[in-house]
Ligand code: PFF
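Below, in structure tokens: the form predicted on its own, a single chain.
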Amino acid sequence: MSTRGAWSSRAGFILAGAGSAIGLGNIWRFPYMTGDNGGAVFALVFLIFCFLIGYPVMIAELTLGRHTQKNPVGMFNSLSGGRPLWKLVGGLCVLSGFIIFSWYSVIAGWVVGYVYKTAVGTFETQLSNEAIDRIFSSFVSNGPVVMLLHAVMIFMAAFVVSGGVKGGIEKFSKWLMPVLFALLILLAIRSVTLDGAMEGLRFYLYPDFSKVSGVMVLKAMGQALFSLSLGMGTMITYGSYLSKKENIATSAAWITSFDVLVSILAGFVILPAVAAMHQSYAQGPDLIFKVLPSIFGSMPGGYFFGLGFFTLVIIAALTSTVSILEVPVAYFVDERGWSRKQAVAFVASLAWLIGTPAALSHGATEFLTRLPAIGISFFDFISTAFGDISLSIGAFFIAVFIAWIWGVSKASNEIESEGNSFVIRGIWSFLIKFVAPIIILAVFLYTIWTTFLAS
């Protein structure tokens, strides 16, 4: 254990785990998904599924990691007796973490660029929607710039991970997570006190149950999985550094709660501001890059709001990229015997190369902007294949493995080691055996249908 690293404190682990779960899924994806899917009712369903599905799967990942003290490949290999199927699942977790790291850092690089644009006053005056569109399109299609920013985010994550578990990831999380929460709260207060914000608060806080549909529920389920970063082995890897004295169920509850809290606060930051500035909630993924910059110029104190907001998004993105990078790094350290610095240098360099096509797929290279076979950009393809589909596959097999292969009895005994309480043992066993696999499978099939099969 000591050669791999370990968390020095419970608080350090919880903050690092929360940093792993909290990222662009909370601050970028959750607000626009809420805006696109009915407001408060979507947020309510999302909240339910975070605790009904996300929390049980998080307990499962942490338990598997702590029991074996291995990365996903080593864990599945150890507990399955080396059966090929489970080795493949472990490999998929590591591959998913690697690929997601390579394209996730592209979006994070955009945010770095927008911090600079905001700081130099690009959005200080009110701009038309057409002008905002031109700024964004020109920026993301500038190949050298986005590749450089992509490299900046990878370097920052690599710098933290190279410091190890205690001296790098934990130390970094203890400093940045309080800053993230402080910024969120300040920005939320500013947003809800804008003239006209009440309409946005009504949209966000009062559920309209007439907007409930099967599609909306499936999207909320998918957002819960995406938000908590489950299915790619981050929590298995983080769990492998846990002491037997740690109460897994309690720690997982704290991490899930922090993740949900950040998502809800991000909604308070963005949706009231959108309403106050008479913009549409249903803006999709462009919300923070096109709609919010148009708001900053007309909002009192908009310069500081914009600067604070994009700084907040960078912090959230960085805490996530650190945890995602740790998954393939742990694989090379555990399974290949590499030093941590050697593994970090190799994975980070390769991720920059693999992520380059994603960085160039927004106008810099025509072929990558619209792939001939499927009609979407390389970026969107990677995002769907690994950000949605592979996470669903990973989470599904993790739930099935701990419930039906290794067994909930052994898992519960691991959770209760060193006298730790597990008061929800019966409820968790039922959820992880029956509810979680069925719902995750439904999300997977819905994603496949809407992405590749629906006309």
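Whichever C-alpha set is largest while still superposing within 1.5 Å between the two forms counts as the rigid core. Numbers follow the displayed sequence, beginning with 1. The structure displayed is predicted, hence computed values, not measured ones.
Quick note: we don't show the form predicted in complex with the ligand, though the next part is all about it.
A.B. asks: I need to confirm a contact call. Of T256, S227, S361, S102, which residue comes within 4.5 Å of the ligand in the predicted bound form, counting heavy atoms only?
C.D. replies: That would be S227.
A.B. asks: Out of S251, S191, T118, S320, which one falls within 4.5 Å of the ligand in the predicted bound form, going by heavy atoms?
C.D. replies: Checking each option against the ligand in the predicted bound form, the one that comes within 4.5 Å is S320.
A.B. asks: Specify the contacting stretch among 407-415, 65-73, 42-50, 23-31, defined as having any heavy atom within 4.5 Å of the ligand in the predicted bound form.
C.D. replies: Contact-bearing stretch, as computed: 23-31.
A.B. asks: Under a 4.5 Å heavy atom criterion, is T234 part of the interface with the ligand in the predicted bound form?
C.D. replies: The answer is yes: T234 has a heavy atom within 4.5 Å of the ligand.
A.B. asks: Wondering, does A157 line up within 4.5 Å of the ligand in the predicted bound form on heavy atoms?
C.D. replies: A157: no, not in contact with the ligand in the predicted bound form.
A.B. asks: My question is simply whether A273 lines the interface with the ligand in the predicted bound form - judged by any non-hydrogen atom within 4.5 Å.
C.D. replies: It does not: once the ligand is placed as it appears in the predicted bound form, A273 has no heavy atom within 4.5 Å of it.
A.B. asks: If you check in the predicted bound form, is L292 within 4.5 Å of the ligand, heavy atoms only?
C.D. replies: L292: no, not in contact with the ligand in the predicted bound form.
A.B. asks: Does P31 move its CA by 2 angstroms or more between the shown form and the other one when the core is aligned?
C.D. replies: It does, since the P31 C-alpha is displaced 2 Å or more between the shown form and the other one after the core fit.
A.B. asks: Using a superposition on the rigid core, decide whether the Cα position of G355 changes by 2 angstroms or more between the shown form and the other one.
C.D. replies: No, G355 moves less than 2 Å.
A.B. asks: Taking the rigid core as the superposition reference, indicate whether the CA of F401 shifts 2 angstroms or more between the shown form and the other one.
C.D. replies: The answer is no, as the C-alpha of F401 shifts between the shown form and the other one by less than 2 Å after core alignment.
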